[in-house]
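The data below hold one chain only, encoded as structure tokens and taken in the form predicted alone.
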């Protein structure tokens, strides 16, 4: 990435679900470019703090904030904690997500509820609470959502996840429409098939998945978490200042054509 090291200087960014492989790559990129970051997840506080220290983050750059963001009160508690760390939040990055693979005819109701709660409801609650504070504090900030190419292109066996990401795209665009006159923007990053987490595990252990995924990526290789992080640096930077309501596809071409 060729942005200057101070491209995000003065920003305080909250990221939900930030301790995963992609989230940590995003945090590293944001910190490297001058932002201060409150990293949310649902592991105990001692484990979250240790994870950030072990990854090399100084507490003056990144702090941990526990919270189950499907619960409104815990969202507010997270933002209170974040403000105590680094002051008012300028960008809320709604990143937390879960996925469990199964054909739609086999999806359990509890799994559907969990994916929609974590992926979509939590994004709504964080976006709502953060934007309310930005309005009250007179901050011209931004909401950024981690969506996916599968929000527009069906991918076998992750129907609830895809539905949550399609919903997130409209959630983001509605935030953008309603908040523009208040100086608050909303955008999204839509990665492709990232070489981390569940996708990487399936790539390494499921030959059929690897065959399908290989055909789905025109650029021919799994996406690196760092390429996802680069997109977030761009959206968080002044270079994106005239963007709102946009889904930034960074998917290696996965969405260019339907699967066979």
Ligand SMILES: NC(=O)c1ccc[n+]([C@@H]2O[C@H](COP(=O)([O-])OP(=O)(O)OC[C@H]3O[C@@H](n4cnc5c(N)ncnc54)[C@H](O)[C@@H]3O)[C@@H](O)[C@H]2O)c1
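Positions refer to the first chain, counted from 1. Please read all numbers here as calculations on a predicted model, not as lab measurements.
What comes next is about the form predicted together with the named molecule, which is not displayed.
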{"item": "In the model of the complex, the residue from 235, 194, 52, 29 that sits within 4.5 Å of the named molecule by heavy atoms", "value": "194"}
{"item": "Heavy atom of residue 186 within 4.5 Å of the named molecule in the model of the complex", "value": "no"}
{"item": "The named molecule contact in the model of the complex: residue 230, any heavy atom under 4.5 Å", "value": "no"}
{"item": "Heavy atom of residue 130 within 4.5 Å of the named molecule in the model of the complex", "value": "no"}
{"item": "Non-hydrogen atom contact residue 13 with the named molecule in the model of the complex at 4.5 angstroms", "value": "no"}
{"item": "Answer range among 95-103, 80-88, 175-183, 132-140 for contact with the named molecule, defined in the model of the complex as heavy atoms within 4.5 Å", "value": "95-103"}
{"item": "Contacts with the named molecule in the model of the complex - residues in 61-83 whose heavy atoms fall within 4.5 Å", "value": "67, 68, 69, 70"}
